[in-house]
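Presented as structure tokens, the chain that follows is alone, the form predicted on its own.
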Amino acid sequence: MKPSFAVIGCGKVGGTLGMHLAEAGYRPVGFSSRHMTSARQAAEIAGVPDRCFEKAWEASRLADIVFITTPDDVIKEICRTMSENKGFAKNSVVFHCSGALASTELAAAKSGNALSGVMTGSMHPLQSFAAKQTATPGNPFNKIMMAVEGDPAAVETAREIAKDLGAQPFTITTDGKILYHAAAVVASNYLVTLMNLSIKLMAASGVGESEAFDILTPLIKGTLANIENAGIPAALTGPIARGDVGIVEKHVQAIRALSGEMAEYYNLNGFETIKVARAKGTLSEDAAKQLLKILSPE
């Protein structure tokens, strides 16, 4: 028999998690949220419409596993309040699902009036949740990566949960949690910003913005495939990798005429690209020095 669980914070992540845990055979025993409507909806979707509670500790007292899926800035305080109200069962496991915060945010679960044997951890689905799921057309956890850290026993529990959800777990260090999150931000959020610059430059060349993404998509997919197949830095191509100083200089001049901010962003990325090109071995030291001079602020 699968363990029982409670969800505290029934927003996009908490509601979706509760639904799919129940489908995977875990036993829902309590849902609580700032808005009772959300808790009630999550409980209904999980098949236990009577297991919604106004107070978080009432929802969690009988749970083997507790998920605190509230906004990051209230995780610590909610955990402390739950502990003070004896909201954690003996030998239970308490998780949060924040990408940036470590399991140390849950320290209060082990102290104060909490019963002995409580373990803490974090498990972060490396995926974006645009909205709560209210039906079962697909599993957003299927085949995604799930970062886990915390007490050793909590990590083992998290790995088992991740696999039951269809995700692939991987372990990070507690001290490295914030750097893990920064890496995810660069890969996802900054990619959006980079594409915004690319589309604007494409539009400035005379291509309609509505067409720009479709034009760039094959190049993007090809680059990702090269990274997957050849790794970094072997996947790097283009004028900096070739040491084509003249082309890069023309890029900078043209973009600067269009927008100083765009030029600054292009130059910053160029500095980092020089390092990758040097690691690849295709950029000479002399060409690298010339490129650094071109990409330096005026």
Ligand SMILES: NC(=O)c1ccc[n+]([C@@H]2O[C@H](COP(=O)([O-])OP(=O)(O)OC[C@H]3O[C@@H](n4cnc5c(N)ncnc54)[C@H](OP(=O)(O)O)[C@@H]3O)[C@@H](O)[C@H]2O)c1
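Only a predicted model underlies this, so the values are computations on that prediction, with no experimental measurement involved. Counting begins at 1, following the sequence as shown.
One more form of this protein, predicted in complex with the ligand, exists but is not displayed; see below.
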| item | value |
| --- | --- |
| Distance check, Asn142 to the ligand in the predicted complex, heavy atom within 4.5 Å | no |
| Contact flag, Thr174 vs the ligand in the predicted complex, heavy atom cut 4.5 Å | no |
| Interface membership of Ser128, the ligand in the predicted complex, 4.5 Å heavy atom rule | yes |
| Non-hydrogen atom contact Arg34 with the ligand in the predicted complex at 4.5 angstroms | yes |
| Among the candidates Glu84, Glu156, Asp164, Asp72, the residue which, in the predicted complex, approaches the ligand to within 4.5 Å (heavy atoms) | Asp72 |
| Which of 242-250, 62-70, 228-236, 22-30 lines the interface with the ligand in the predicted complex (heavy atom within 4.5 Å) | 62-70 |
